[in-house]
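Presented below, as structure tokens, is a lone chain in the form predicted alone.
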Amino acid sequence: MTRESHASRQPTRRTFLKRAGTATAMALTIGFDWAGPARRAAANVAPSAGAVFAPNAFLRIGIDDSVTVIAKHVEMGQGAYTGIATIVAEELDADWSRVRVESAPADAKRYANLAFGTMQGTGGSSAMANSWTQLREAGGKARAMLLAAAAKNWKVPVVELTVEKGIVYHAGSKRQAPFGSLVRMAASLPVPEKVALKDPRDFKLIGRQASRVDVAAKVDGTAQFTLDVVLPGMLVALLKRPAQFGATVHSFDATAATAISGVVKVVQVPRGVAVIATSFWAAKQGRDALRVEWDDTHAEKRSSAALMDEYRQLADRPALSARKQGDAAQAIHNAAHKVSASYEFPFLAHAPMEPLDAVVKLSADSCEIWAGDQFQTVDQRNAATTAGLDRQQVSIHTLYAGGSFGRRANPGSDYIVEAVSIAKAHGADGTPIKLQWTREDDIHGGLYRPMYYHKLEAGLNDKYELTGWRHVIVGQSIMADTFFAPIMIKEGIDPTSVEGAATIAYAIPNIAVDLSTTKNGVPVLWWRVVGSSHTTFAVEAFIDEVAHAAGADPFMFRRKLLEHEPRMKAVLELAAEKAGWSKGPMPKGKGRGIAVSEAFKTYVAQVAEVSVDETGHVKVDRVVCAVDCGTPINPDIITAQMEGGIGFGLGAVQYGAITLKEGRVEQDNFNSYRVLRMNEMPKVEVYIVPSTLPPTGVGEPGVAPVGPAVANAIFAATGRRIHVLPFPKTGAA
């Protein structure tokens, strides 16, 4: 069963208010509490005087029938809390209206991301995939214990009992018991080692549109983001950082800053000079008045243009092989028809709606952190090292995060370490200090999606069959010089630099993919959909050029090359069908383009329709998206993530670029680092492929195909190809 996106539906104000009212009546999500992690951790492990039933680290059931699911992943808008709760509640047969979600404490032993090993964190679209079996078993075992408790109370066989919406029934005696009445007895029973999990045919919540558990709190303002945290005696800090990456403090004059009313202290820390004040505005004024002389001896001073010139030259030099199949060079040399193209990709900022922030309460023997934390284990370790404490002395309250796209998860824990270092410089006296980044700090702050250059060549035989493919990638490694490098980088190849290219699915007999890894002073990081954010564009734009050179329909050309890839072929066909691809070319001034990709084991195909006016201005009118993400846990969230990924990707390819002049970032805020605006969002239709396979991620894969699909549509409308991103303002190549 496929499903059309809610972007193409038109809810009335009445239905919106009805839905909001229903959500408000639900049990609220608890993203944060003032009890502290020690108390929460204890509650997660054992019942308190029989008042709660906590058979495992992921679930608590109270005598009031409340069901609290403990989420090991951060909720940053992607729907993780709802997905996690749905998995547990499904196997538990819980009443969805009684389910709430609470953030787990930082504890890798109990809450590790199974895709990351013994590390707690969220990323790589792995939340549902790594939790699937673990959480199903957590709910299933709790259900079995509640049934055993009822059977013991009623002295009947367990097989005669059923459960529905949090109530255990015995049909023979017409008895029933809500979960809360069974808590004390269930808590005294042993946890079963194994339980039979549901047949997917019996799912009642999974695959349905269960309401999001975080809606009510976000609507009524009770949701806790870091910006909302106010603690007794709390101070606010802003950090002045160098304008050039790699520069350091030579000296500073705080005279004018300390004269600002509300400024408490000015301190130097490893990443700059911090102004600590009683309010954000006082700290901002103090930072503006601060005078710092920077040492730029080791700073990056090149421009973006100079770096790209270097990349172009490197593309013609020997590089490391990321994939070698057959003899691509010979196949292209002998080809009857040759095609070549290059593609340039700029640095990109993540620009989440909530800039980075953290609250730290540091004393001689403890460090307490409040943040929308994405990498709990890494941040706990780095905070401990900075504070001079043991990791066990650092506790983290994970709050809601106002977006991330990868930025809050970084190996150096930059914003966490900054906050801890400022609290330490202040005196580590237990004073809570909130570090806030401004939007300008965020845009200037580094850890960008790397700049890349791609050079491609292809050969076709006299039957216009694709026989050779050579792809050279030049750019920085996001894994180099991090603790991930020994695990991830093999024989000099960072797999995140070449994913989507070295893993190209098309059946081409001769393939060569080479990588030239560069080094410069600009700090880089993973960005939503990671390597596929640039490789998919290069592959899908170029395969379109090859199809055109072969005189073939772009959809049919791809389809033939994907006969051996049934899931990728299926989404390609579904998107084309729903978009009406077979109807033929669009009217003059309009174009239709297609692209398909796989990222994090999720398959996505998109067809974009564009209009180009006489000035060359491009408007994206419609995007049809087909997605295969295994078992669809919540279709509405899947649709929302595809829509969000499409909007995010469109903003990046149309406007996104961080540029350097003498090493200084030229963009400041959303006026110069443009993101997609509401009036620019196209109509989106999302179709979900039915599946009973384990679920895969949806937070990132929707981003990858939209850029090339739109670029290919622009070609269909204008005959012009796009090789440099972001798109030219006029739509010209």
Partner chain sequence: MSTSFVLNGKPTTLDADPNMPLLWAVREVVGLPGTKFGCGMALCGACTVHLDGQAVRSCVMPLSAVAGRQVITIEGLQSAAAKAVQAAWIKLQVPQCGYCQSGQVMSATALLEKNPSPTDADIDGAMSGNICRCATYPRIRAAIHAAAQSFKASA
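None of the values given here were measured: they were computed from a predicted structure. Residue numbers count along the first chain shown, from 1.
A second form of this protein, the form predicted together with the partner chain, is not displayed here; the remarks below concern that form.
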{"query": "Gln244: touches the partner chain in the model of the complex, heavy atom cutoff 4.5 angstroms", "finding": "no"}
{"query": "Proximity of Gly117 to the partner chain in the model of the complex, heavy atoms at 4.5 Å", "finding": "no"}
{"query": "Partner proximity in the model of the complex: Gln641 to the partner chain, non-hydrogen atom cutoff 4.5 Å", "finding": "yes"}
{"query": "Interface membership of Gly402, the partner chain in the model of the complex, 4.5 Å heavy atom rule", "finding": "yes"}
{"query": "Contact check for Phe225, Ser279 and Glu440 against the partner chain in the model of the complex, heavy atom at 4.5 Å", "finding": "yes"}
{"query": "Of Leu182, Ala351, Val472, Val267, the one that lies within 4.5 Å of the partner chain in the model of the complex (heavy atoms)", "finding": "Ala351"}
{"query": "Of Phe648, Phe600, Tyr506, Phe347, the one that lies within 4.5 Å of the partner chain in the model of the complex (heavy atoms)", "finding": "Phe648"}
{"query": "Candidate stretches 61-69, 673-681, 704-712, 687-695 - the one whose heavy atoms come within 4.5 Å of the partner chain in the model of the complex", "finding": "673-681"}
{"query": "Neighbours of the partner chain in the model of the complex among 211-237 [non-hydrogen atom within 4.5 angstroms]", "finding": "Ser211, Arg212, Asp214, Val215, Ala216, Lys218, Val219, Asp220, Gly221, Ala223, Phe225, Leu227, Asp228, Val236"}
